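Presented as structure tokens, the chain that follows is alone, the form predicted alone.
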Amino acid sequence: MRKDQASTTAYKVALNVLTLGAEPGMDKVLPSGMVEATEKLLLASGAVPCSWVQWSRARSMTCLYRLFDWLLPGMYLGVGYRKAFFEQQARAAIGSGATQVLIPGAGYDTLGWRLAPEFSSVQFYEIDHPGTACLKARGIEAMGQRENLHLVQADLGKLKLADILNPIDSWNPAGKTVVLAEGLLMYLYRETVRDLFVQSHRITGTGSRIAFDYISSGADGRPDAGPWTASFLWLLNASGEPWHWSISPGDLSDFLIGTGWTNTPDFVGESDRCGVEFLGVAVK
């Protein structure tokens, strides 16, 4: 992401959600109310022009998305299943006693805004780069702020989670927490990813969990997104938001142990991947 600019990836994912809302059958996959809330947020924040929202919700856009799906096979529909996975993890954690939901790199995701009224005793925290978070805060204010939703503007590449959250009076470092790192890790450098897991472990209570998605590494140690990886990585570099981190699923458990977390593949559910992305859950 370029300095002081809102993330282009964040609004692209949000527009993808709108198009998925027009995809036949995806209404049974996508969390209830997510498409409508995403549209309201994009318009209220001014993140994209109204015409982009209208185009994204048109049925004709589903054909265009499918046409380009050859570049990253399964990624288009995978975003919808990924969204469903993270909401399932949030609800499962809350159901098992979590009192805090932490979403680093939240982008224009609406999970916190939608779930906060339903779980009024749970505190929701979103952290994002100021360029994106400022626009989102504008949209949330217009849509209706939630008392238990906290929007925090901070650069995760420069600040530690403890330094960001501990000054917030309502944050409880001993509280049972679910951390949702969606669409984030691949954009961070290896040392930053490791520190994110270490910090998440230090500032959460016993029984906490962290859900995340990641890209597998190829034989060369670089992110592997399929046969067109080189072309896709070039496009990401050109956009100013490249992928940096990836890991082989076979190496994940050892990596997590080194950060204090325990890999729990059984928590993932029926599938361990969405398109080119793998899904993971670890517990404390």
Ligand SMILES: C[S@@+](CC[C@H](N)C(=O)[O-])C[C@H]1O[C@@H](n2cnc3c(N)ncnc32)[C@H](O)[C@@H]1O
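This structure is a prediction, so every number in the text was calculated from the model and none was measured. Just count from 1 along the sequence shown to find any residue number.
What comes next is about the form predicted together with this ligand, which is not displayed.
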Q. So which stretch, 114-122, 203-211, 80-88, 168-176, is the one near this ligand in the predicted bound form (non-hydrogen atoms, 4.5 Å)?
A. 80-88
(Q) Taking this ligand as it sits in the predicted bound form, is Gly157 in contact with it (heavy atom to heavy atom, 4.5 Å or less)? (A) yes
(Q) Considering non-hydrogen atoms and a 4.5 Å limit, does this ligand approach Leu135 in the predicted bound form? (A) no
Q. Taking heavy atoms and a 4.5 Å cut-off, does Thr264 contact this ligand in the predicted bound form?
A. no
Q: Answer yes if any heavy atom of Leu149 is within 4.5 Å of a heavy atom of this ligand in the predicted bound form; otherwise answer no.
A: no
Q. So which of Val101, Val193, Ile140, Ala106 gets a non-hydrogen atom within 4.5 Å of this ligand in the predicted bound form?
A. Ala106
**Q.** Any residue of 6-34 that, in the predicted bound form, places a heavy atom within 4.5 Å of this ligand
**A.** Ser7, Thr9, Ala10, Val13
